[in-house]
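In the block that follows, a single chain appears as structure tokens, in the form predicted on its own.
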């Protein structure tokens, strides 16, 4: 039995959305700029995107898990640790020059763009259609599952992405999917399924 309900998580999302609006628009713009860079790379763009991704995972670890979920769930610090681990990995590979966002050289560019669209638009829309109010929607870089899906989408735009970067998103897919299934939350469950499918493809690809 979980110590919280879907309604409590919806209230947490509403609280964050209300406190941080209109930061959402800036985060969406940065994501669009990352896609634009993958299409037409600019000097220093790869490293900047990698650093921003690392900051995104660290931000979700802090704002969602540590500040929002920790009073409700004793496992929240562990989930936060997973997101910090992903942030460290992204930062390390970015600084080492191992993240080259190249739309025309990536193995699955259309899948990457599709996952980005799902994270930015599809999951919030599905959440709205299944009963969430606009203020309660979980969005990228503020909630864990949409952020993980968006990250997976961007990684599919990388030329030869390091496979280890898919490990934490897949781990969160299992954890978040189990939580979403237990609480009856359709949008996060859909995001977890997309994460598992995309992560499995990344691991199995040549």
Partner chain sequence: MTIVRATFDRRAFLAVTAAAGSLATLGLPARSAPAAVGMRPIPSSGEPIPVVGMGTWITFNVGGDAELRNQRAEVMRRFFALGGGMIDSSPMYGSSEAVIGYGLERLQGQGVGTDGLFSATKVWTRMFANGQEQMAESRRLWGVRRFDLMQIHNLVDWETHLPALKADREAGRIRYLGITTSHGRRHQEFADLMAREPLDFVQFTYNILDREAERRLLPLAADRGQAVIVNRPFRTGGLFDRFAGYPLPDFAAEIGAETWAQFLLKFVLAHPAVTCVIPATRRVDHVEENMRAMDGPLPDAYLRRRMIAYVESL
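Numbering follows the first chain given and starts at 1. Predicted, not measured: the structure shown is a model, and the values here were computed from it.
We do not show the form predicted in complex with its partner chain, though everything after this point is about it.
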{"item": "Its partner chain contact at residue 72 in the model of the complex, heavy atom, 4.5 Å", "value": "yes"}
{"item": "Residue 200: touches its partner chain in the model of the complex, heavy atom cutoff 4.5 angstroms", "value": "no"}
{"item": "Close approach of residue 78 to its partner chain in the model of the complex, 4.5 Å, heavy atom", "value": "yes"}
{"item": "Distance check, residue 15 to its partner chain in the model of the complex, heavy atom within 4.5 Å", "value": "yes"}
{"item": "Per-stretch contact check against its partner chain in the model of the complex, the hit in 23-31, 64-72, 36-44, 157-165 (non-hydrogen atom, 4.5 angstroms)", "value": "64-72"}
{"item": "Full three-residue contact with its partner chain in the model of the complex, heavy atom 4.5 Å, for 174, 178 and 181", "value": "no"}
{"item": "In the model of the complex, residues of 1-33 near its partner chain [heavy atom within 4.5 Å]", "value": "1, 2, 3, 4, 5, 7, 8, 11, 15"}
